[in-house]
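Take a look at this single chain, the form predicted alone, given in C-alpha cells.
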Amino acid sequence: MKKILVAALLVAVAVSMVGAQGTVRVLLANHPYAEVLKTLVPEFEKTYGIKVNVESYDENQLSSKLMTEFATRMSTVDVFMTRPLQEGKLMYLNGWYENLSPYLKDSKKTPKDFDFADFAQSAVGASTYAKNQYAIPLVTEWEVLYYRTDLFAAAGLKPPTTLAELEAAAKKLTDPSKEQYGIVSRGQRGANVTQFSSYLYAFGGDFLKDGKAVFNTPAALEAFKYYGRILKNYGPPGVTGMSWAQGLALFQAGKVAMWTDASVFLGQARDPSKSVVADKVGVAAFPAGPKANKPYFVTSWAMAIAKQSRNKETAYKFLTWATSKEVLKKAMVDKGLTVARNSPWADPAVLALFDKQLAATATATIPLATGYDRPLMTAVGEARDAIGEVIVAAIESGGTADLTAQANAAVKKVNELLDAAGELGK
C-alpha cells in the first residue's frame, strides 16, 4: 500500500511538473505590439503545445506590478515587456532579468531561424549590461507630429517645421466653442517627461550633464514655459491628467488638430474602426526649436525573462517566438510599428505596405536624434515624477509663472537620487 501511495505521489508530481513546464505567464503593456501578439498567441499554443496566460497593464502599472512581485521573490512571472530606458538598469542591478546570453549562444536552445544579428545594434545596446544581453528589443520610436490634413488644408496651413510655426498653427486651429483644440501632448506627471524631452532639447536644454541634473538652466526654463503655454492656451481641458492613451482618444475623436507623441501610434490614429478621422491623419517630423533640432529616437520596449521564472526554457521558447522575424514583421505591417529588427526594413513587400510619411520622419530624425527621452539613471521613475511636477506647474500657469524655484527643487531632488545610487557626477 505504501509503495502504491509513493508511486501515485511521484506520478502526481511528474504531472504537476509537466503542467508547469507547459504553461507560461506573460505580462504585457497596453501597447500596439501587444495587440498584435495577443492575436497570434493561439497559433503559438497550437504549434508548441504550451499554454500562455497573458496579462496586460498600462505601462506604469506594469512596472509597479513587476517590481512588487520580484521584490517578494515569490513571483510566477515568466516573460514580460520592459522599458530599457525606464527600468532596465534597476532590473539588472536587482537581478530581476535572466541573462539571455547563454541561451543565445546555445544552438540547441535557440531556434535556427532566430537571427539575433538581425537586430539593430543600437537597439541591442539598450539592454546590454557587462557585455551580456538581458532583453530582446522590440520597438524603436521617436517623437512625431500627428496632424489633421483636412483642418490644415481648410486653414491654408502646412505642417509646421519649427516650434514657432507649431504654436501659430495651434492658435489658429483652436475653437473651444466647437470643442476643437489646436494641440495635445502628455500632461500627466511622470508620463509627460518623455514627450517633453524633444521640446527640451529643441530649446538647448537637457536633463543631465556630467552626471548632474541641469533642467533648471535658462534654456530648460524656456522649454517648460513653451510647453505649458501651448497646452494651457490651445490644449483640451484636463490635459494635466493625460498620457498617450487620452491624447490618442481625443485625436481619434477629431477633437484636436495636432498631437505630438511617439511614432508607434500612427496605425491606431488611422484605424477606421477606432478613429473618426482615420483618412484625415498626416504625420510629420518633430519641429525644430530655437536652439536645436534633436528629437528623441529610442528603444522604447523590449522583452525579457524573469530571473525568478520556474519555466525558463519554456519562457525562452515564447520569447524567441514573440520576437521572431515573422511576429515583428506582422507588427510592422498591421500596426505600422517601427520594429527593432533590420530585415523588415529591407523587405520591399513590407515597405510597400508601410506608411511613406512615417518612413520619411525616420529618415529625417535619425541623423539628428538624441538617444534618450528621460534622464538615464537608476531611480528614473522618481526623477520623472520630480520633473513632471515642474511640467504640470508650467501647464497650470500657462507658462507665465516663474518656475525657477520649483525647477531648482526638482534638480536638488534628482541630484539626491543620483547621489544615493552612487551615480552623481558620473
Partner chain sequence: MLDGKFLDRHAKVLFPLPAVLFTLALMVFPVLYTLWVSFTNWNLASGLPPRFVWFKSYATVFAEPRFWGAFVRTLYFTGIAVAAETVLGVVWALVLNREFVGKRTIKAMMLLPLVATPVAIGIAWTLFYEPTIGIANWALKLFGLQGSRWIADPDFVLPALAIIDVWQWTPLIALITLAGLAGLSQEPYESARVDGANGWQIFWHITLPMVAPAVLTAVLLRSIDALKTFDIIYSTTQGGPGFASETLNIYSYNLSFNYFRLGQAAASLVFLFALVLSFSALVARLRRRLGL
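Residue numbers count along the first chain shown, from 1. Small disclaimer: the values here were computed from a predicted structure and weren't measured.
We do not show the form predicted together with the partner chain, though everything after this point is about it.
Engineer: Name the single residue among G156, G238, P272, P218 that comes within 4.5 Å of the partner chain in the predicted bound form, judging by heavy atoms.
Structural biologist: None of the others qualify; the residue that does is G238.
Engineer: Under a 4.5 angstroms heavy atom criterion, identify the one residue in L40, V54, A401, M67 near the partner chain in the predicted bound form.
Structural biologist: Checking each option against the partner chain in the predicted bound form, the one that comes within 4.5 Å is M67.
Engineer: Looking in the predicted bound form, is the partner chain within 4.5 angstroms of a heavy atom from every one of S197, D419 and L424?
Structural biologist: No, none of S197, D419 and L424 comes within 4.5 Å of the partner chain in the predicted bound form.
Engineer: Quick one: does E35 come within 4.5 Å of the partner chain in the predicted bound form, counting heavy atoms only?
Structural biologist: Result no; E35 lies far from the partner chain in the predicted bound form.
Engineer: Residue-level contact is defined here as any heavy atom of the residue lying within 4.5 Å of the partner chain in the predicted bound form; does Y181 satisfy this criterion?
Structural biologist: Yes, Y181 sits close enough to the partner chain in the predicted bound form that at least one of its heavy atoms falls within 4.5 Å.
Engineer: Are any of the heavy atoms in W321 no more than 4.5 Å from a heavy atom of the partner chain in the predicted bound form?
Structural biologist: Residue-level check for W321: no, no contact with the partner chain.
Engineer: Even though the partner isn't displayed, in the predicted bound form is S101 close enough to the partner chain, meaning a heavy atom within 4.5 Å?
Structural biologist: It does not: once the partner chain is placed as it appears in the predicted bound form, S101 has no heavy atom within 4.5 Å of it.
Engineer: Have a look at 92-100, 284-292, 310-318, 258-266 and name the one stretch with heavy atoms inside 4.5 Å of the partner chain in the predicted bound form.
Structural biologist: Only one stretch passes the 4.5 Å heavy-atom test: 92-100.
Engineer: Going by heavy atoms, what in 375-393 lies within 4.5 angstroms of the partner chain in the predicted bound form?
Structural biologist: Sequence-ordered list: T378, G381, E382, D385, E389, V392.
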